[in-house]
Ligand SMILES: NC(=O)c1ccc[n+]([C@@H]2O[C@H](COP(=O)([O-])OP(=O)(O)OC[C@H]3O[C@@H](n4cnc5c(N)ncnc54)[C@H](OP(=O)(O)O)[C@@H]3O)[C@@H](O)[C@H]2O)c1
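We begin with a single chain expressed as structure tokens, specifically the form predicted alone.
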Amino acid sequence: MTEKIPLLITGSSGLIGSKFTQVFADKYEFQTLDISDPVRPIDITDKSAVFSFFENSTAQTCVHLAAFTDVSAAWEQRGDKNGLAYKINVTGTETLSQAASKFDKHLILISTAYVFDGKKDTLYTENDKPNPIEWYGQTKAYSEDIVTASDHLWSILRIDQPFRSDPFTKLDIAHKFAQKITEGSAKLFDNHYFGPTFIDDFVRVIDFMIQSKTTGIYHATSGEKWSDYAFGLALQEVLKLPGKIEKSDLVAYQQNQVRPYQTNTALSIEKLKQVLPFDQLPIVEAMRLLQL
């Protein structure tokens, strides 16, 4: 039996992290930095605890998945550097980056399309300048700045609206839409666009980055652009879902909202395709694998 590769990881119990640890259970020995770990809880904002953990690890890489991702809740904390969104997304990343520098580790940061303002009609590329319009995106942009300015090996993988084949306790976008459609209460924007990320493929992208030590910023979604409405219609057709889908208008919706919404967060993956040794599934094919 091949010896497992030690790997430092944050966010291993989340939507993506739990799928990654499930798929690669036989390949990696996961050393988790998680505040809810029953054996050894680690707060990633605690510098001494993180440094001690890194120092005692033979792992060459840390995959940083932990994040405060509730965009609306983050908006309520805007400007607050003592808020959870800032502490987890920025302070936590800074602590991990400092530890990676001191103990010579490769840090892989999972980031988001929300670092962009959403005003571009076409797919965002890695050359587009981040310009976040809400606090979650701003904290992730800060975390990217910390990593790109560091002197350790680093990779940044930006994703958007991730979903996986199997259900998870927190509903992802595909399972959430499927539930709404089945319940007959799906009002979906036809003028809001995103670039869905199929987690079952994305965890393989992370594995590739670990093994190849490919560095730099990479967009790692499906590379496709969907409106909420089109995504819902495709889900309904592929999964033969009962229920009705109605078109909704983002502009009208925003008139009653304080938090700003990006119109388009779809990402181009042409750069990733140049290095990735496998093809990711088209989104419609990924939908066929959904378990409800």
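Sequential numbering from 1, following the sequence displayed. Owing to the predicted nature of the structure, the values given are computational and were not obtained by experimental measurement.
FYI, the form predicted in complex with the ligand isn't displayed, but the following is about it.
In the predicted complex, no heavy atom of Val23 sits within 4.5 Å of the ligand. In the predicted complex, the ligand sits within 4.5 Å of a heavy atom belonging to Pro162. Although the partner is absent here, Asn256 lies well away from the ligand in the predicted complex, with no heavy atom inside 4.5 Å. A residue is said to contact a partner when one of its heavy atoms sits within 4.5 Å of a partner heavy atom; Val63 fails this definition for the ligand in the predicted complex, lying far away. Within 4.5 Å of the ligand in the predicted complex, a heavy atom is found for all three of Leu33, Thr69 and Lys140. Picking from 162-170, 210-218, 144-152, 126-134 the stretch near the ligand in the predicted complex, with a 4.5 Å limit on heavy atoms, gives 162-170. The contact residue chosen from Glu55, Glu237, Asp43, Glu29 relative to the ligand in the predicted complex is Asp43, the criterion being a non-hydrogen atom within 4.5 angstroms. With contact defined as any non-hydrogen atom lying within 4.5 angstroms of the ligand in the predicted complex, the contacting residues in 4-23 are Gly11, Ser12, Ser13, Gly14, Leu15, Ile16, Gly17, given in sequence order.
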